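First comes one chain, alone, set out as structure tokens in the form predicted on its own.
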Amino acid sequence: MSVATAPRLPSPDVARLDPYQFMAVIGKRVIHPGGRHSSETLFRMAEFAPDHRVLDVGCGVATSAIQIAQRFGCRVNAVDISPVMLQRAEANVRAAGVGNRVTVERADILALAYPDAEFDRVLAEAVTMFVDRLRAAAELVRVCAPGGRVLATEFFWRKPPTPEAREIFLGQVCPGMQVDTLEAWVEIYQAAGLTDVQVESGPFEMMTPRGFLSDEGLMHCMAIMGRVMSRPAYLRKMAWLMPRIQQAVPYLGFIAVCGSKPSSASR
């Protein structure tokens, strides 16, 4: 999948970007805690069919939405709340030639503007951890059809972090993010009404050198690095971000969650 160009941000705006938005701006295509592996895990759990109506909440640059449309033939509503992400998602959907199957829209996970039971599969990759988690999970379940599946990826603490690592990651790198244990995340999705909850977990490798190369490929990694080197604002942001993320990497992992909405639920 090629990455389309988007308007150039002024340097002060680059400095204010959160890590997810910054990765999108420099052209990273896979921006999830477990990288491409976590997305592939969700795809396997979802068991997509061509007639499925799919909602991708917090779609980022639309990498997963495009893959779902291309590989499984589904129609996908790809939604995000960030203007930066939406610009790049729209450009990437056009570049991929899937505009007839992927619709990019603005939406808030806490108040999705869709009717109850609208979608057969509902995905949220690294979204609920930034907001009211119980409310967000309930909203994902609300728009899922009875018998459908809700799927999500989240950060979790693989082992208790040091106070310094916790403060750096949650206080400096991703202020407002909430990271829990695997068991706590499962309880949140079960409380939202899902049954038959399945969970898989793995390491956080998206921002490690090995994970970066695996997710993006050598040529695209070189293109991203070239883009970073092209602007002092990008270099400053990367030089600030990477050492801080590396301090949290030993403690972080991802979980992939899949649960079913009971068929007895009313529409």
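Quick note: we count residues from 1 along the sequence shown, nothing fancier. In this text, all values refer to a predicted model and were calculated from it rather than measured experimentally.
Heads up, the form predicted in complex with a small molecule isn't pictured, but that's what we're talking about next.
The closest heavy atom approach of A96 to the small molecule in the predicted bound form falls outside 4.5 Å.
With a 4.5 Å cutoff on heavy atoms, E139 does not count as touching the small molecule in the predicted bound form; it lies far away. None of the heavy atoms of G27 is located within 4.5 Å of the small molecule in the predicted bound form.
Taking non-hydrogen atoms only, S82 approaches the small molecule to within 4.5 angstroms in the predicted bound form. Taking the partner from elsewhere, every residue among I31, A107 and A126 has a non-hydrogen atom within 4.5 angstroms of the small molecule in the predicted bound form. Contact with the small molecule in the predicted bound form, judged by any heavy atom within 4.5 Å, is made by just one of I168, A117, V131, V197: V131. Look at 180-188, 156-164, 118-126, 143-151: in the predicted bound form, residues with non-hydrogen atoms within 4.5 angstroms of the small molecule sit in 118-126.
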